[in-house]
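Single chain ahead, by itself, as structure tokens, in the form predicted alone.
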Amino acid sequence: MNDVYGRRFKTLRVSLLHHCNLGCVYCVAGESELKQANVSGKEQQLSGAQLLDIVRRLHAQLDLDTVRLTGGEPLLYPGLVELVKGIRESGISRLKLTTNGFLLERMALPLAKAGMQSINVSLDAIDEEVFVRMSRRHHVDRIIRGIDAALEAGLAVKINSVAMKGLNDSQLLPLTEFAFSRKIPIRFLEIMAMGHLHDQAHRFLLNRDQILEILSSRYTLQPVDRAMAATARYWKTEQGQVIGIIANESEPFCRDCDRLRLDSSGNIYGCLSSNHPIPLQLEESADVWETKLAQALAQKQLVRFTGSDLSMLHIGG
């Protein structure tokens, strides 16, 4: 299945649940939403077995290359290890996960044994005070221990850091130094116009050139050719260390985007800029799913990412 621009779905991002144990400022607006974000409720409508059935059927129809598990916070998902095993047994070649890392210290080894290959850890500050400002939680040391446990378990690790002007711009160099001390790549994300920031993300935008200016004050950076459908553009230091920037605003990557999103209720989305879910039902035929997948593909933007009022808490990064 291809659209007129040659785009197709090869990566599936599965949002396993809608709650989180952090309350990051780019994801959660205020106190009332913060309480909702930390509820360990039963909002998911599909069981792990049902989600696995959907993933298998999508793989059969799309020949997926990659599945990435997201949230909310996916490490809160009951039965996560069993789900990982099931996805690996379905024949999908790459299985990845994005987490805030708060529970990673005890989950890293079981996930690696189940077949997880790669983990992106969201970490927006090394300094405890700035970490609290960004996440509304204490103990950044728990995430650091989680990263070390993941590396010890043999998982490939990247750090993702949302760069926000006036909030954590002081942390770009310390975060980079930390990543390099562990010999892992770090990627800085421009703030996305999603959820409560849909109409005001520009207030916090630290753009690609500004990020590069800060990093270049300490490192000599050489650009690396961008891979097809990659969200990030990468640079290497003279020592071969890797820095990436996901520049949704400065350098959109819509033209060759290959991502399909599945939420915990069984709805698919072709783009984060669309808040119009397309429901999949397991009893529907392959022909019906093909029609719905075509609808999702038509949701993709062409020129730039426009965002929506859909919260990142509900659909994942």
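The numbering used is simple: start at 1 and walk along the sequence shown. Not measured: the values here are computed from a predicted model.
Heads up, the form predicted together with a small molecule isn't pictured, but that's what we're talking about next.
- The small molecule is not drawn, but in the predicted complex it has no heavy atom within 4.5 Å of Ser90.
- In the predicted complex, the small molecule sits within 4.5 Å of a heavy atom belonging to Cys20.
- Proximity of Leu83 to the small molecule in the predicted complex: non-hydrogen atoms within 4.5 Å are absent; the residue sits far from the partner.
- The small molecule in the predicted complex is approached by Ser122, whose closest heavy atom lies within 4.5 angstroms of it.
- Listed residues Ile186, Met107, Met116, Met192 were compared with the small molecule in the predicted complex; Met192 is the one with a heavy atom within 4.5 Å.
- Only one of Asn100, Ser135, Thr176, Asn168 comes within 4.5 Å of the small molecule in the predicted complex through a heavy atom, and that residue is Asn100.
- Although the small molecule is omitted here, in the predicted complex all of Gly71, Val162 and Leu313 have a heavy atom within 4.5 Å of it.
- Of the candidate stretches 73-81, 176-184, 227-235, 148-156, only 73-81 has residues with heavy atoms within 4.5 Å of the small molecule in the predicted complex.
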